[in-house]
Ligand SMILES: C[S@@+](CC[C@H](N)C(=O)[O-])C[C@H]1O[C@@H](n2cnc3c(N)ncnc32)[C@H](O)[C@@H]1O
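Let's start with one chain on its own, the form predicted on its own, as structure tokens.
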């Protein structure tokens, strides 16, 4: 991917060959610029693939790697650019420099190629007016690398690659391991799988992975952790519904819910359906799955179809009981509520920069409303598992403590001999919070 741009008849700017690094750098820069403007990476990627459906897999992979990597390192790039520029450049040139700096940091062996291709990309935007600036900034970044990195390591946001408010919150709430939590948020996420016992045994699955030369290890909760992530097309038994991709931390939900055959179960915020499917794989229950968005509800149904599972999937806000509840209480409720997603930020690195400190209080208020509504549909003696993929106490332990204080009929049940369970992000799984509540008769 090292090709000079070619001129295109009838246009002033050159056109970048699709298989060039310059093309990947510029396309990624446009994605990052969308995030800077307040959009999400997921939405921008969806629009990109719709607009460019014929993008070759190799090019698509290069764009994804650059986009996720750049957003994980975002705070550091802006610190360095602030040292090298008098003022920020217009988008997408500013983001093009961010992407190029990320690649210079992660691929120092290809520094010359990165600078050359970034300059070629800059020549195609804004009339090529910033071609010389891009060249100068990147070459200065290389020449001053030692001093710039030393200064960057002394800056909180640059060193930990998270917003200042986020760092302060984590440091206050986790004084003993805040550094490891932040570091985990900047890593590549692990890839874990869940075995569908209705279609395959563990021994059969492990044998098929050995034959495919895909090393895996079995975690304490039964999840399979791949030694390295691979495309789902390479996963034995995926198409047949024998296994599903699901983070190992998320696989605790069905285990902690205390399921039994014949129960009426509600998955209140079900999409994309991983936990829904795990519940149905674990016990023969009558399950209702809700989601507010029709497209996301369809995805739940599609995932269940692949696995040969059945549920009553509805599109509704779980708080609007009149819209979906028939008056029959549930024995078990999974309340996997909307949250800051601070425990899965390495999978969605744009979240770090799109979230604001006061968002946490808004999520907490929404979670409170959901808990209050769902408690009404839980049968006496029934159990509700409250789940977030957050590491912030306001959404987790503080939320549950407040709910229990308001409800004398709420009994907090232990999980693994603890009042609740906060799984922190690590090499094996993402960050999740679990609290099991029983409604006393």
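From a predicted model like this one, the values you see are computed outputs, not experimental measurements. Residue numbers count along the first chain shown, from 1.
Heads up, the form predicted in complex with the ligand isn't pictured, but that's what we're talking about next.
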item	value
Pocket accessibility after superposing the ligand in the predicted bound form (3+ atoms within 2.4 Å of backbone/C-beta)	open
Interface residue in the predicted bound form among 274, 75, 92, 190, criterion: non-hydrogen atom within 4.5 angstroms of the ligand	274
Selected contact from 254, 195, 337, 248, since only one has a non-hydrogen atom within 4.5 angstroms of the ligand in the predicted bound form	337
Close approach of residue 235 to the ligand in the predicted bound form, 4.5 Å, heavy atom	no
4.5 angstroms heavy atom contact with the ligand in the predicted bound form for residue 293	yes
4.5 Å heavy atom contact, residue 317 and the ligand in the predicted bound form	yes
Proximity of residue 200 to the ligand in the predicted bound form, heavy atoms at 4.5 Å	no
The ligand in the predicted bound form: contacting segment from 123-131, 175-183, 337-345, 155-163, heavy atom within 4.5 Å	337-345
In the predicted bound form, residues of 349-388 near the ligand [heavy atom within 4.5 Å]	366, 370
